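Coming up is one lone chain in structure tokens, specifically the form predicted alone.
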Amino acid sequence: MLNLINTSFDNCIKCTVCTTRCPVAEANPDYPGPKQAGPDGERLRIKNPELYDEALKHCTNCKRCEVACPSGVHVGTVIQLAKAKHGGFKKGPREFMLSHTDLMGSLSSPAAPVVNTVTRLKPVKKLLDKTLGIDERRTLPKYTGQTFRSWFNKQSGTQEQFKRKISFFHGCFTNYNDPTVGKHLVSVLNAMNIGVSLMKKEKCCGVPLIANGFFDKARKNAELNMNQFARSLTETECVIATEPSCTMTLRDEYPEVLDVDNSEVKDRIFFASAFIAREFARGNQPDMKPVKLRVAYHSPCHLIKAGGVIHTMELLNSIPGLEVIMLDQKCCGLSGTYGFKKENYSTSQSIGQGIFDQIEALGVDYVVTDCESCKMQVEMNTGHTVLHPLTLLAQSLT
């Protein structure tokens, strides 16, 4: 039986719309674009593996090519699998450090004040630049001294009073770097009379591992997560994630990229905004007070891929007093670990410049986005604080 990818790339009709929507091809002349790197290149690589093009390393897997494709070709997936098959990933110490977020978080969180101070010292930034190739103009995310799981465990008994419950896949960033979004999700759902439960165990969804070529580790994580989801869903309605890239990976990348079957649970995995917007539409909306702010909303690439932007906009527009300006749907350029690498810095900045200029010109109170990676990029390049939509929903609760 033909697999999904072989069938997919043969549907390419060579219209080139994917390349016109590729932010990397627009910013970096060394990248030929997704059509040539994906379907066209795959036909050549099947005939002769030596025709693999090193230019595929420039792809950020933002998935904008897949959104644009009128034939449903999984262009980004074709490129990622080609990189894995033909040794296109460089897997050095830098890639290991940036991608193994569970390990780095568990080691760094107990010593958060020290780690956070050291990684912001200019000499340390220069050292990381020279030795590992992490660009010194980047700022690594801070770690929290109290993980989300440890916070949740202290008040998990409160969740038992709710008849309805969901399982929350918190992800690495919420657990080890900034628990704020997780805490706000609990507040919002509790106000809707829905309790929250955590899986007994969870591992990184795998998106940074896939992006850096650690497919075997990503697959092990996926298998553990799917087993945990199946157990958890015997007691809860569904699994919710607050990070678009996590949600996309759990739903789509597991079967397509990692060959991990999630068919038994896929339809019960939701991005937080989609689940909450559905509850609002059914009349389960908490009382909300005005939040008199003017904000600009940036839509993350992987949420666009999932078709979830409309749900976040529905939630933001439901908050009384909130003025929301939607930014142009362009990539911010960071793309997870991609923009931290020294060789990608100029491309990353060039991609994001349009968003930075638009934000500065608007003069809003805050920028809003669903993605922690986009938040880092905007805060590193503008004078604005970035909030998650759930933070504004939590502020509106009476």
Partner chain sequence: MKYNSIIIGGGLAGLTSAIRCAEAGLKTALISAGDSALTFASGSIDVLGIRQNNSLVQYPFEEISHLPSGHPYQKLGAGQVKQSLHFFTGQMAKAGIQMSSHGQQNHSRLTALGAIRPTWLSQPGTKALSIAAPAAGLRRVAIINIAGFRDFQPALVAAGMKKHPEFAGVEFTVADINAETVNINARNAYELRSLEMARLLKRDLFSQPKGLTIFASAIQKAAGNADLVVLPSVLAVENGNELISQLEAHTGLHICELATLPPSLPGMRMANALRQRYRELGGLLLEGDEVLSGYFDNNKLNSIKTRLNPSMPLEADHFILATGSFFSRGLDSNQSSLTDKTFNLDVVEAGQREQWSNERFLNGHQHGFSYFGIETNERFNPYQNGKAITNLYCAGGVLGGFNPVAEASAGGVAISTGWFAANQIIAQRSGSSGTAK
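Residue numbers count along the first chain shown, from 1. Bear in mind that the values here come from a model prediction, so they are computed numbers and not experimental data.
Keep in mind that the form predicted together with its partner chain is not shown, yet the notes after this line are about it.
For the chain shown alone, T382 is not a contact residue for its partner chain in the model of the complex, no non-hydrogen atom being within 4.5 angstroms.
When its partner chain is considered in the model of the complex, D216 lies well away from it, no heavy atom lying within 4.5 Å.
Although the partner is absent here, V367 lies well away from its partner chain in the model of the complex, with no heavy atom inside 4.5 Å. The shortest heavy atom separation between R137 and its partner chain in the model of the complex exceeds 4.5 Å. No member of the trio A82, L132 and K341 reaches its partner chain in the model of the complex with any non-hydrogen atom inside 4.5 Å. Residue heavy atoms within 4.5 Å of its partner chain in the model of the complex occur in exactly one stretch of 229-237, 150-158, 310-318, 116-124, and that stretch is 310-318. Contact with its partner chain in the model of the complex, judged by any heavy atom within 4.5 Å, is made by just one of C371, A37, C62, C69: C69.
The partner is absent here; in the model of the complex, the one residue of K289, R164, H86, R278 having a heavy atom within 4.5 Å of its partner chain is R278. For the partner-free chain shown, M326, L327, D328, Q329 of 315-349 come within 4.5 angstroms of its partner chain in the model of the complex, judged by any non-hydrogen atom.
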